[in-house]
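To begin, one chain is listed below as structure tokens, in the form predicted on its own.
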């Protein structure tokens, strides 16, 4: 019998148009129009432009970016002269450190969070206790187990090493002649006593410099972004029907993607171009061994309202109308207990161990956890057993590994003066 292939192809194409089914050509797999739309919503190409930060007037000042970059890597911003922001947020490790618990001048009780694309997040840290990148940057500086220093110490570092660059951005530094080398509202008794001995005007002047340090660091951090991954190239091929998706993902990775948007229900929390809803959930993660009880968002939501540097504080450059996130913040719901921030899944395969205290060592352990959905140590877990087979778990992990694309950050410049000379 003679087969009219032209008629067959036309008939298949017409069927596809009428039913909304399209072949992605990988292993004969097919996606519906609705699935292609859902998959496309996860592409990095759909990420909104860098949002403004009304709390930080220098957020988009190139001079602040350069100063913030230098401060980010400066170990003088610590009590022992050995810790910088980059100690835990290593550029060659996706701006995290690969350890279960962060370690500065002492030991912390939580995992280092990656900072790429955090400019798109309304709340920072695992518990959301900060509501801007600059206020987040200030927290570790005074933490006794992270940088361990004081705001007076840091003001003196600026005066001694960055005066010209600082003053080009923020104006004349206050007179620090009568300010102790170490003073601040910190647990260290001597530093706290020195702080109490200062006048209100002196404390305000020092705090103003301290805040500007955070705002400069935030200007740099907000430009740390994710690079496109193999998954993003696959989506490009799907949307453009170029056939390039064939070489972007293997059949097992495509099968994992189908699970990700379907049976595994991952997109309930890991959605949008950053693969996170930027919210907080109790997913039954076990408590960190040997660590004290961690209330998660329940404590963080109340903390951000009391924060000295939140959006509504005197140190913020925003007006009250621009602080809607705080106006409608829920602080007392039982669902907040042991709820932790949903991290982005971009570069997730490069960021072991996992969860807020590094409790799970591998991606497979994470998938096994969600597959079993054990009871939460406290509060109520939101997850239910997935009942995925061993093959499906391998496929899902294979897909997650396609999300690795690395990060991008501004190139190093030695100073604001160098930036001005290069213009």
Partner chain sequence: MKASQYYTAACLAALVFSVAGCATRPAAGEFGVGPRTSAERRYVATLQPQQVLRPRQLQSMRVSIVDARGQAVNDANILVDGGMPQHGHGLPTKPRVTKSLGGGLYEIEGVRFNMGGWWEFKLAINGVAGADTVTFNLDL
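Everything quoted here is computed from the prediction, not taken from an experiment. Residue numbers count along the first chain shown, from 1.
In what follows, reference is made to the form predicted together with its partner chain, a form of this protein that is not presented.
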> Residues in which of 268 to 276, 99 to 107, 228 to 236, 172 to 180 have heavy atoms within 4.5 Å of its partner chain in the predicted complex?
Replying inline: 268 to 276
> Among 317, 295, 350, 325, which has at least one heavy atom within 4.5 Å of its partner chain in the predicted complex?
Replying inline: 325
>> So its partner chain isn't shown here. In the predicted complex, which residue out of 119, 205, 287, 329 has a non-hydrogen atom within 4.5 Å of it?
In response: 329
> Though only this chain appears here, would residue 281 touch its partner chain in the predicted complex if you measure heavy atom gaps against 4.5 Å?
Replying inline: yes
>> Against its partner chain in the predicted complex, would residue 334 count as a contact residue? Criterion: heavy atoms within 4.5 Å.
In response: yes
> Taking 4.5 angstroms as the cut-off for heavy atoms, does residue 48 touch its partner chain in the predicted complex?
Replying inline: yes
> So which residues in 143 to 168, when you check its partner chain in the predicted complex, have a heavy atom no farther than 4.5 Å from it?
Replying inline: none
